[in-house]
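First comes one chain, alone, set out as structure tokens in the form predicted alone.
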């Protein structure tokens, strides 16, 4: 269990750094979505399924959808 959590935390850190580095804003939003999904899985491993469901629904789905719509209505690439 500790190995799985460690791998998930490392993937979360890599995804967060990737979200900062990407110049394509859609790719950055997807990387941030991955961070949120991994957080939801970690909440589930911490035996907080209600928090995990809220994080997956709001953090990964709703916020990602709003960000994608906002990026589509503006410039896709950072200058």
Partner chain sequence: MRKLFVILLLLIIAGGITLSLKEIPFGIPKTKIGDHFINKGVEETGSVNIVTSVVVGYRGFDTLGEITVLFAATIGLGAVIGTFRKNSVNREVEAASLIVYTGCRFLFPVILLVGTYIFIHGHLTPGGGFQGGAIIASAFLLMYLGCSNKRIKENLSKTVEMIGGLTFIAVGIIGLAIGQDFLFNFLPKGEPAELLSAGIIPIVYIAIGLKVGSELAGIIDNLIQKS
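Because the structure is a prediction, the values reported are computed rather than measured. Numbering follows the first chain given and starts at 1.
Below, we turn to the form predicted together with its partner chain, even though it does not appear here.
The shortest heavy atom separation between residue 61 and its partner chain in the model of the complex is within 4.5 Å. Contact check for residue 69: a heavy atom falls within 4.5 Å of its partner chain in the model of the complex.
Contact annotation for residue 9: none of its heavy atoms lies within 4.5 Å of its partner chain in the model of the complex. Residues are counted as partner-facing when one of their heavy atoms sits within 4.5 Å of its partner chain in the model of the complex; in 49 to 71 these are 49, 50, 53, 54, 57, 58, 61, 62, 65, 66, 69, in sequence order.
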